[in-house]
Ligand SMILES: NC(=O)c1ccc[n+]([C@@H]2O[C@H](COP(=O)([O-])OP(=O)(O)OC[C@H]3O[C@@H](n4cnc5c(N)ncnc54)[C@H](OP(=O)(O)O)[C@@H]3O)[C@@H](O)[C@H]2O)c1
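Before any questions on binding or motion, here is one chain by itself as structure tokens, the form predicted alone.
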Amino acid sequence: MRLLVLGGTVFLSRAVAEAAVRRGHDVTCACRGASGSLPDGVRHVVLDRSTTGAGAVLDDGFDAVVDVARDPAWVRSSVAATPSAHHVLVSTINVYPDTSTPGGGPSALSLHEPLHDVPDEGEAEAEAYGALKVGCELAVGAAASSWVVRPGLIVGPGDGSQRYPWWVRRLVDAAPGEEVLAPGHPDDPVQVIDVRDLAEWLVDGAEQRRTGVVDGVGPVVGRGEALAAIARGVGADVRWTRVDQDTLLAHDVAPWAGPRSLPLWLPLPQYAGLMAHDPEPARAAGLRTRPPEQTAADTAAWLATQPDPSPPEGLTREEERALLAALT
């Protein structure tokens, strides 16, 4: 298979290129090449999608295309340049405005009204992310065939965010028997997918020319088990102190990401569905997920090769200690 990966230097697009090369496919990565190195075994076509249309450097000789774009204009351009290829578009569960309903998915949830172009400079592009991805989904429909995959939180080696990696770092650094703050209730849902499992599945879909729309999500587990699996994966033996969400909010602890936050925690009930999408359609379509302990161990090994994030996000150790002391 001649596979075009639009991207290829970081995280998911890189993992897709690596997976396809391992299977013996002829892989081309079209990107600037400025965000990182490309995997061994791929051909690089220089393409800056912010300034150049895909048709200037691409032809219609590819069997399949994998695209992670968030700009509908980029998708329109790549589909126009490769109209006969099978297009696999990586969208997002952020296309659904409803974040409170557990068990959601394409057949149960409505979508944001689409945005077909990125907002002008100065407008809140981050808030428009879901609507832009809906625009990308509509744009990919012009291809001969397409498969739209909507992942949730993607984790694993190469994760440049400070959400899942924050917990891996925290537990790697924990002393034996150390007290660690655990947010919310242990049964609160957590749903992540290892980037390598998602990438392998995307290559499956390209090979098999899957069509339709599916949420690319892993199993739902309680936060207590999710954190325990990370601890087991990195060999940490800690004492968990559970702190309910009302207490966390009263002490100005932020959810999800950012300064003074606890990642993987979202207030309920307004976000009860964000990490609890129905995983069965993806599993039925062949998605297989590795043990969470392996994801944690491999993420820890990757983080050991990386500099500490600057500026750091999440609760600092001092903030965590002060909060725990205030609650005793």
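Residue positions are given as counts along the sequence shown, with the first one as 1. Note that the structure is predicted; figures quoted are calculated from it, not measured.
If you look for the form predicted together with the ligand, you will not find it shown, but the lines that follow are about it.
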query = Here the chain is shown alone; which of Gly184, Pro165, Gly135, Pro151 has a heavy atom within 4.5 Å of the ligand in the predicted bound form?
reply = Pro151
key: Interface residue in the predicted bound form among Glu280, Asp26, Asp60, Asp48, criterion: non-hydrogen atom within 4.5 angstroms of the ligand   = Asp48
inquiry  = Is it the case that Arg260, even though its partner is missing from this view, gets within 4.5 Å of the ligand in the predicted bound form, heavy atoms only?
reply    = no
Proximity of Gln294 to the ligand in the predicted bound form, heavy atoms at 4.5 Å = no
message = If we define contact as a non-hydrogen atom of the residue within 4.5 angstroms of the partner, is Cys31 a contact of the ligand in the predicted bound form?
response = yes
request  = Although the ligand is absent from this view, report whether Ser35 comes within 4.5 Å of it in the predicted bound form, heavy atoms only.
outcome  = yes
message = I need the one stretch from 227 to 235, 88 to 96, 247 to 255, 176 to 184 whose residues put non-hydrogen atoms within 4.5 angstroms of the ligand in the predicted bound form.
response = 88 to 96
task = Heavy atoms within 4.5 Å of the ligand in the predicted bound form is the criterion; list the residues of 1 to 18 that meet it.
result = Gly7, Gly8, Thr9, Val10, Phe11, Leu12, Ser13
